[in-house]
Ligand SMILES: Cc1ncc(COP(=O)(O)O)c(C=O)c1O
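Just one chain follows, in the form predicted on its own, and it is written as structure tokens.
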């Protein structure tokens, strides 16, 4: 399978989670769109490109089970969340309930905007290892108060790689009359996503991770009742206060000249996944990850961060390690041993996170263990 990707064959690639990797057929489709753009830039940007964009959006909507009119493409989930947070118009004293497991960049986003309005970012303390879904849910809602207005939660967390019980959180949030915002950066193409069933108010996901599109292809889903609320992140030609129909699309999708070729590769990515039976390959990867996780944790002498099953683990697994210099460890693993793997600092802890994609084998993980034994983690 690795021959289908553009990855350097000399590298043991255990970091698909950070930015994904683009298979050759999808990358060739990307180049095709860029060629069409340069062949006639004016016609492509103003006429044909937007039509291709609608086709791509329709394909994505079908894949994640939502109305494509409720979707816009964004460069990344961070952009999408910034767009939403900027438009919320929270008041002094309002609270946003989240966890202490969220992506650090988005913690910064929330704190920036909440500091401006006098709101509060409440991070429920989630005990690791998580013992069960019920325990997680109980700990999450301990942070709730009568001032809570918004729920923000990752469906798969970046640092820990854990799948969180977001559906149950959304159901309870609706009962309490709260706005639900879900960061699903790692979800599309990784685990099943049905937005009709999940029913969040806002949801963002990256196509350039597990769906394997080129970088800079993500989406924001917004429930129809919130379309009017969203201000344009960038005011451009689509902005007109008199617009009512398709206001969400007009205000948000086009904001100045840019190469949106990556957005157009979604149909090719979905075709690739279909042609190579990617759902089965992904399931095989999840089985292999659970097998490998046992061996890594046995060597490290650590517990899993949650019960070692598919409720909590997909194709990502983080292990807690003792490290005084995580960046030095990551650099050594890459520069000396050609192992691409993240070493992540989060909440005063350090995690070694490995991913399993269709081109990975158990030997890749055994090599990681052998290298860790050779260097001695205690030295880092």
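In this text the structure is predicted, and so the values were computed from the model without any measurement. Positions refer to the first chain, counted from 1.
Not pictured, yet referred to below: the form predicted in complex with the named molecule.
Original post:
Can residue 85 be called a contact residue for the named molecule in the predicted complex at 4.5 Å between heavy atoms?
Top reply: Taking the distances in the predicted complex, the answer for residue 85 is no, it never comes within 4.5 Å of the named molecule.
**OP:** Decide whether residue 181 counts as a contact residue for the named molecule in the predicted complex under a heavy atom distance cut-off of 4.5 Å.
**Re:** Close contact is absent here: in the predicted complex, residue 181 is far from the named molecule, nothing within 4.5 Å, heavy atoms only.
Original post:
How about residue 284: is it within 4.5 Å of the named molecule in the predicted complex, going by heavy atoms?
Top reply: Heavy-atom contact with the named molecule at 4.5 Å: absent for residue 284.
**OP:** Considering only heavy atoms, tell me if residue 148 and the named molecule come within 4.5 Å of each other in the predicted complex.
**Re:** Looking in the predicted complex, residue contacts with the named molecule do not include residue 148, since no heavy atom lies within 4.5 Å.
**OP:** Just give me the single entry in 109, 249, 158, 98 that has a non-hydrogen atom within 4.5 angstroms of the named molecule in the predicted complex.
**Re:** The residue in contact is 158.
Original post:
From the list 188, 77, 200, 214, which entry has a heavy atom within 4.5 Å of the named molecule in the predicted complex?
Top reply: Filtering the options by heavy-atom distance leaves 77.
**OP:** Choose from 224-232, 299-307, 134-142, 206-214 the stretch whose residues reach within 4.5 Å of the named molecule in the predicted complex, heavy atoms counted.
**Re:** Heavy atoms within 4.5 Å of the named molecule in the predicted complex occur in 206-214.
Subject >> Partner contacts in the predicted complex for 45-62 (non-hydrogen atom within 4.5 angstroms of the named molecule) >> reply: If the 4.5 Å heavy-atom criterion is applied to the named molecule in the predicted complex, 45-62 yields nothing.
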